[in-house]
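Just one chain follows, in the form predicted alone, and it is written as structure tokens.
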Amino acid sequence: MPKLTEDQVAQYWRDGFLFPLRVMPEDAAINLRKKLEDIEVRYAARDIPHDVSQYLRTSPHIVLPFVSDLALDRAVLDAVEGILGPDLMIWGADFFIKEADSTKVVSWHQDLTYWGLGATSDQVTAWIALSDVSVASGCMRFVAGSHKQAIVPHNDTFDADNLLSRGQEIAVEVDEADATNIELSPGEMSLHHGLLFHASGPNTSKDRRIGLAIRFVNPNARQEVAERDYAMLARGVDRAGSFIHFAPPAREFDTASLSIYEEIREAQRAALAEGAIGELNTYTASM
């Protein structure tokens, strides 16, 4: 994929999102899905500290080389560089998997509400489809221009059908008619700003809906809530030094990556739990 054009960059900053961007052939995305599903099977009964679904749902790039390789892919980084500049770090990653005929949803929210990074524009989420992502399968929906607002009040619902850690949802009215459906084919990607109003509905299709969300920051970003925070350097240099760097995993669930996983998740939990009125579940097993 060529780097973003000036018009694409302008569109992103106008709307708060950009799609579709093809970052790999469809067959390559299907092969990555096979790797993911093979890991689900192989580690279902393996002796690892947590259920494999936990590692897939939260920060799989720390423990799985194929995920860190995807996050560090040149086509992905070239697109992200058009938004954030040449110095890039991976702050987080999450597989969002909705099973066929699933009632799981993501309520209207802004990502930056609970990350502890403040209302910064020094971040972007790259969301890569590994399956067909349609309205029927529960694609994301974005409200164009909503990223130009500050962080608005959110309510914690802790709803069992909500894929978010707190079931958080925007406490102001969102007109569904204003939403754009972000339909993607395998191997296509969307980019969106952390202040953008977005949500997704249930999967009423007969196939799983699988996407990997990669959270990129540049060195201007700062953790404002937790005592420390971590990031994987992806491109360029980090002259600010606000994040603790760690290396990509050498092998699946190796000892070193399992150790740093626990360290990172404990540190980021402090930011995610700030102000919570219920029990926080950062590891949603039911995806």
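Note that residue numbering follows the sequence shown and begins at 1. This is a predicted model, so every value here is computed, not measured.
Separately, the form predicted together with a small molecule exists; it is not shown, and the next lines address it.
Visitor: Can you pick the stretch from 69-77, 172-180, 82-90, 119-127 whose heavy atoms fall within 4.5 Å of the small molecule in the model of the complex?
Guide: Of the options, only 119-127 has residues within 4.5 Å of the partner.
Visitor: Within 4.5 Å, heavy atoms only, which of L191, V143, V217, M140 is in contact with the small molecule in the model of the complex?
Guide: Selected residue: M140.
Visitor: Could you confirm whether H109 comes within 4.5 Å of the small molecule in the model of the complex, counting heavy atoms only?
Guide: Within the cut-off, so yes.
Visitor: Residue-level contact is defined here as any heavy atom of the residue lying within 4.5 Å of the small molecule in the model of the complex; does N203 satisfy this criterion?
Guide: The answer is no: N203 has no heavy atom within 4.5 Å of the small molecule.
Visitor: Using a 4.5 Å heavy atom cut-off, state whether R209 contacts the small molecule in the model of the complex.
Guide: Yes, R209 sits close enough to the small molecule in the model of the complex that at least one of its heavy atoms falls within 4.5 Å.
Visitor: Is K98 close to the small molecule in the model of the complex, meaning a heavy atom pair under 4.5 Å apart or at it?
Guide: K98: yes, in contact with the small molecule in the model of the complex.
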